[in-house]
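Before any questions on how it binds or moves, here is one chain, the form predicted on its own, in structure tokens.
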Amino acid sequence: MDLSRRHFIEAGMGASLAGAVGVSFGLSASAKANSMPAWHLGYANAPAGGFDPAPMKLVFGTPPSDLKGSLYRNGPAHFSYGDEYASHWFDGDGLIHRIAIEDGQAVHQARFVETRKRREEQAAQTFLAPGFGTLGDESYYVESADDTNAANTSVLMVDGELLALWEAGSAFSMNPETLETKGPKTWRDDLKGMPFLAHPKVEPDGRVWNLAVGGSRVGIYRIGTNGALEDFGLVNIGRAAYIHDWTMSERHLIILVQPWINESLRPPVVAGFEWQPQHGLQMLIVDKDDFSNQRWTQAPARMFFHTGSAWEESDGTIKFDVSFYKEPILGVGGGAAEIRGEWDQSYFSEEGVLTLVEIPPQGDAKLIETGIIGEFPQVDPRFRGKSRNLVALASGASNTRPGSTTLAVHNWTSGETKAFDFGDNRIVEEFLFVPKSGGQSDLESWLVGPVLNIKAGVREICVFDAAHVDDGPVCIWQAEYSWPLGFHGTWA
């Protein structure tokens, strides 16, 4: 999409902005009064009660007639009490969003996950629980990980049940219509309080796989399409590596053991990690039908947060896409400067690169870097674990503020990359694939995701044609207010 078309979109929304963002201009004025830059809306506290259902205004394009469902999103959304700020982006309380789309209309609502951490800190109006980068109050009693659960990373829908996810504790069950918190999810009595990673993998038929990470021992969940636990087993990865994500093919689970190691896990947790590149990046490949059937492969040292998905070639070669870093980012204090309204571009000198990993049936893995900078890689849910064409990711960077500027889609089959750059006035988050009605390929999909319009001080939901991202948005809905930047979502 060329510059003139982007300007056309801006101009096309201008008339509606004048009458639609009175509240948001107030938010921007408030941010300025507090000496906060305009982009700080992405790190400002959401209202304590969340957001009641409110229609979003169509400000550009024509919504696809076949786009019907709900985009659920999760992310930290409470970062300060008075002059006291959170010490890490990962420690804010989780806010669950639902954007319901039907008949060309979009309605937004959001509620905080009512964890023990959330309830007690709100009552005390101060930070109490220890976290990933937060020391916490020594008087705060912790019996299990769920006493510190922020429920702030992702969401999962299983058999009609909405789950808010965090990587170190239980999933929290939510009402998918009202977003009311029901409580921690227990998959089996003896697994009560067991960690349930924030990046489960869902097969095209709905079966769910996930990990429970605890030091060098990793649990494996297998959950049926009816939401019932089918199996749980344990594997040993050899060291207490940071595992935020992993990947899966049709026949195997691939657990990436990056050389970012923490043997103590004392709060603040992030302070105990050590980068030990001499180990390289090791990957444990586990047979889905027999967890004891395992093999290891080796690659050069890399750090990562997010994978796309894996598939297997006819000769047994496993391939998957991932955003790799040469060394750790978001160390001690990660994100704390942005929460305070500060930004230092040099802090983000290490950027994630979209990489294809090839694991042969025997021997070391090969890393093929595309040179595409980006994060939050996503694939069409119909092809998780299967051969496909596309991976989408938030890409690009600004010289004036944190966050991505661009939605990029790379085609592994053709080698072509298409992208749309929103420019400095918008921050791009994770976009999800939504299959088109009757579509048979991932090229026949929509991409749906949230954008923060910094200039207007409001939130937008954008829809793209996955095969023609460079043509620009198909349509844009706009809220009359903003909400903080989030992490991950699901479409239901």
Partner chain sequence: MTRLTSLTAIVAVACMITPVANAADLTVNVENIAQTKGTIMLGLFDQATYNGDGAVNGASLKVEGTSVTAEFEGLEPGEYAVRLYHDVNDDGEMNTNPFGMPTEPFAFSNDAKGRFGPAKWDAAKFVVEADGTTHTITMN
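Predicted model only: the values in this text are computed from it and were never measured. Residue numbers count along the first chain shown, from 1.
Just so you know, the form predicted together with its partner chain exists too; it's not on screen, but the next bit is about it.
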| property | result |
| --- | --- |
| Touches its partner chain in the model of the complex: V213 (any heavy atom, 4.5 Å) | yes |
| Its partner chain contact at L234 in the model of the complex, heavy atom, 4.5 Å | yes |
| 4.5 Å heavy atom contact, Y141 to its partner chain in the model of the complex | yes |
| Touches its partner chain in the model of the complex: G169 (any heavy atom, 4.5 Å) | no |
| Contact segment among 214 to 222, 402 to 410, 374 to 382, 98 to 106, judged by heavy atoms lying within 4.5 Å of its partner chain in the model of the complex | 214 to 222 |
| The single option of E161, E203, E358, D137 touching its partner chain in the model of the complex, heavy atom within 4.5 Å | D137 |
| Residue among G92, G335, G396, P130 with a heavy atom within 4.5 Å of its partner chain in the model of the complex | P130 |
| Sequence-ordered list of residues in 96 to 110 near its partner chain in the model of the complex, where near means a heavy atom within 4.5 Å | none |
